[in-house]
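Starting off, we have a lone chain in the form predicted on its own, written out as structure tokens.
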Amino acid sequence: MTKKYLLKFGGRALGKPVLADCVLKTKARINILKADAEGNMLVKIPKSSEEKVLRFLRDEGVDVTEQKNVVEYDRERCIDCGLCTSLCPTGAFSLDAESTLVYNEDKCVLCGLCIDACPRRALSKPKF
């Protein structure tokens, strides 16, 4: 399975083409899912390249943390209304045969569309 990682570029890594250098050196196909102006980036790294990519990034001063849940889902608050399913561009949310909400974290790209749509605030965005 391909894992998602939050990369925080700061200190000596800021302002350098660290990710480009990493791709060139490791030949890894890194997928950038989201980035912000503060030097944070959410990426997917292929399992086959994971170890060498993470080692390279950490050696260059990038703070790397695995992201298990990109959208936090509070099952207790959820009423299975399905509003999130109609907005989710990746199909991370769906309703099963019993009309119960199913969340597939691997498909989530943290676009945030579902968060504002949830009437019960069962979905939230982690600090990025």
Partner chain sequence: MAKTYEEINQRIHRGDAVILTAEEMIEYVRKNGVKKAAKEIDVVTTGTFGAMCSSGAWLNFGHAEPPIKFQRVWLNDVEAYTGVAAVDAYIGAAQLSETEGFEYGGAHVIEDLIRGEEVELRATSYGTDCYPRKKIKTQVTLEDLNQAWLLNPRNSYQNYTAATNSSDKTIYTYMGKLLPNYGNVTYTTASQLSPLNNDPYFETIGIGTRIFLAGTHGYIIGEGTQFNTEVPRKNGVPVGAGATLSVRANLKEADPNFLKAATFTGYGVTLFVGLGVPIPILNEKIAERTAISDADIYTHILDYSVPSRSRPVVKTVNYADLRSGRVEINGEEVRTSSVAPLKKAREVAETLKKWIEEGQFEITRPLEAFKPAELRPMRHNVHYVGDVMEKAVIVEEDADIEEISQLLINKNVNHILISREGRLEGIVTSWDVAKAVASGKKRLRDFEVRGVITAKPTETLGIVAERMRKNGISALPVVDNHNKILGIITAENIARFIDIK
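Residue numbers count along the first chain shown, from 1. It should be emphasised that the depicted structure is a prediction, and the values quoted were computed from it without experimental measurement.
What follows is about the form predicted in complex with the partner chain, which we do not show.
Although the partner is absent here, P119 lies within 4.5 Å of the partner chain in the model of the complex, judged by heavy atoms.
Although the partner is absent here, A97 is a contact residue: one of its heavy atoms lies within 4.5 angstroms of the partner chain in the model of the complex. The closest non-hydrogen atom of V53 lies beyond 4.5 Å of the partner chain in the model of the complex. Among residues of the shown chain, S86 is one whose heavy atoms approach the partner chain to within 4.5 Å in the model of the complex. This chain lacks the partner; the member of C81, L33, I30, V64 within 4.5 angstroms of the partner chain in the model of the complex by a non-hydrogen atom is C81. Between 73 to 81, 55 to 63, 37 to 45, 22 to 30, the stretch whose residues reach within 4.5 angstroms of the partner chain in the model of the complex through a non-hydrogen atom is 73 to 81. Annotation for 29 to 61: no interface residues with the partner chain in the model of the complex [heavy atom within 4.5 Å].
In the model of the complex, the separation between the C-alpha atoms of C88 and K8 grows by 3 Å or more relative to the displayed form.
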